[in-house]
Ligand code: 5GP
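Next up is one chain by itself, shown in structure tokens, the form predicted on its own.
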Amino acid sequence: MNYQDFTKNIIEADDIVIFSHVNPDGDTLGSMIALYHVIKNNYGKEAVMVVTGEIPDIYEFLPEIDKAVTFDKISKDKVFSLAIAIDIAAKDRMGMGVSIFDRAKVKMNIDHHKTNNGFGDYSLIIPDACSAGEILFDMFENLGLKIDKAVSDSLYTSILTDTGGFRFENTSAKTFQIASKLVEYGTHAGEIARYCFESKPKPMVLLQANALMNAEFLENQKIAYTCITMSDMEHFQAKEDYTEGIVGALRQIKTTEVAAVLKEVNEQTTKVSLRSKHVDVSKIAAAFDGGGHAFAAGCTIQKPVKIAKDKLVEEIKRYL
């Protein structure tokens, strides 16, 4: 896909739907909101935004995010002219919404994950981009599209969160250049940072503290992991997104080479988040049909959490 393909398909579409990935984060949500406003302000068209799972409380500040709907709010027989997947590494990361995506007349895929196989009729995959928001910024600028404060705030949120506050290895000189331009467009950097990093609910902080206190360390403390059970989630009255940030905290430990958080979804399913400093954890995730980036990846293991932990540790050791 080139940038002109984007404009052509937006103009020709009678109706448009935008998908974020399951367990939405700042990149997929910020990019989705930015697309929504650009399409509305530059092409005069309303798009439907679809989310799978709860929107984390910290992103409620994003402009008009309250207009996002879950897939079950859309008619089962609805066929959209254009469906856009944003920041979605694999089609199944749309959850139950994938059926709506598949029915669309034209399917577009915009992403920065190296494991994306280019699903859809039009794909714009740039693995070197720090975030989907960076890809969108380049496209909007090249097409001469209006970037107002709503778009700027949304793109800044995308970039800020997917670079871990400009701390991760995916942060480049270009990342800072784009951030600077977004500030010129009206974004208040400190305000967005407070929303994203300093507005955690009390149960979230307590759950994370508990998870870190119960962390285990192996291989001369090169492996750091913790398990979060369903009972932990219930005890702290935690929402699904309250585990976000724990794996990053484990990665910060000086000796850690690979950090992992294993979250019990049910008695036979464990969700895994992986982070590292040097090891390509996307290869570890791929062993369990997952994926992601070199230093940030994830997967789901269809085993009880204790068994999943043993299998994961065994796989991590292969790469140390």
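Numbers for residues come from their place in the sequence shown, where the first is 1. Please read all numbers here as calculations on a predicted model, not as lab measurements.
Keep in mind that the form predicted together with the ligand is missing from the display, and what follows is about it.
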property	result
Heavy atom of residue 312 within 4.5 Å of the ligand in the model of the complex	no
4.5 angstroms heavy atom contact with the ligand in the model of the complex for residue 273	yes
Any non-hydrogen atom of residue 291 within 4.5 angstroms of the ligand in the model of the complex	yes
Distance check, residue 297 to the ligand in the model of the complex, heavy atom within 4.5 Å	yes
Interface stretch in the model of the complex with the ligand - options 233-241, 97-105, 84-92, 204-212, non-hydrogen atom within 4.5 Å	84-92
